[in-house]
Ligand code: GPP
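Before any questions on how it binds or moves, here is one chain, the form predicted on its own, in structure tokens.
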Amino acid sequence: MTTTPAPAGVLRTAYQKAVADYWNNEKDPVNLRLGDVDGLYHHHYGIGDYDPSVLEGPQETRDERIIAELHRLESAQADVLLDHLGPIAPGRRLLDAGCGRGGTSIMANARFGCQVDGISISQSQVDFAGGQAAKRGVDDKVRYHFANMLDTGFPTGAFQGIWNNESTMYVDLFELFAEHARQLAYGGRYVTITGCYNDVTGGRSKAVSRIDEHYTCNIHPRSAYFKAMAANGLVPINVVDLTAATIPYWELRAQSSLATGVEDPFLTAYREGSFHYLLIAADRV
């Protein structure tokens, strides 16, 4: 694994440098092959029931059918997140915090017609995402930045909407929501979809700890999200438990050539109730 020196101030801790190194060097087929289906490259999971017919038919094309279906489910997840941003006028501005390879940013621009800024602490992700926006001819409105979501440098009140799609487990929530609240216009909307461990069952289960280890992340308890939002003027308007809706994605992924071994911990944690997949939408007040 190689390390590329970052501009001063973006990567502030040894942990952030380690996370950036991980994503700079990540070339997991489960992210790239799914994105190759239609050029929307995501770094999140899927929701909804899969079409069982993809498991039938000719064996030689079975994996292609599964990959296309997994990608449909992950794009459906992004659509649900964008649904919860509410109406966004074309003149407004959105922030994709922890944008990965940029798929959700491009979907947001296509839906709302507005400017979207995506940020990542992985320079390779930023470069890749920027290339995809240029290929689609939307790089005048969809821009990606090498930046830290805890201290972006963007102006106060600049955004009508901000989201984190499975990226909050890499940062302190109180710091994150303080920065998001600063950047959101009054009445602006914040949305996150995230995995969080269940406070009711105690600390991290063995399965949740395995997920942490796999992704070099630090999964938060469910209660921490609401405490950190309350401390920073973010008032939840919708909370949706997507746990049951994401299990089919993991069941299908476990049957694909792209399985990484983390499928079993996810399925175990969801089924035993130690891990939840939540959507939280909150207004800036």
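Nothing here was measured: the structure is a model prediction, and the numbers come from that model. One-based numbering along the sequence shown.
Here the subject shifts to the form predicted in complex with ligand GPP, a form of this protein not shown in this document.
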>> Among the candidate stretches 52-60, 235-243, 65-73, 215-223, which one is within 4.5 Å of ligand GPP in the predicted bound form when only heavy atoms are counted?
In response: 215-223
> Does Y170 make contact with ligand GPP in the predicted bound form, using a 4.5 Å heavy atom cut-off?
Replying inline: yes
>> Check V30 for me: does it contact ligand GPP in the predicted bound form (non-hydrogen atoms, 4.5 angstroms)?
In response: yes
>> Considering non-hydrogen atoms and a 4.5 Å limit, does ligand GPP approach L82 in the predicted bound form?
In response: no
> Within a 4.5 Å heavy atom cut-off, is G188 in contact with ligand GPP in the predicted bound form?
Replying inline: no
> Which listed residue (A158, I211, L176, V138) meets the criterion of a heavy atom within 4.5 Å of ligand GPP in the predicted bound form?
Replying inline: I211
> In sequence order, which positions of 187-202 have a non-hydrogen atom within 4.5 Å of ligand GPP in the predicted bound form?
Replying inline: T194, G195
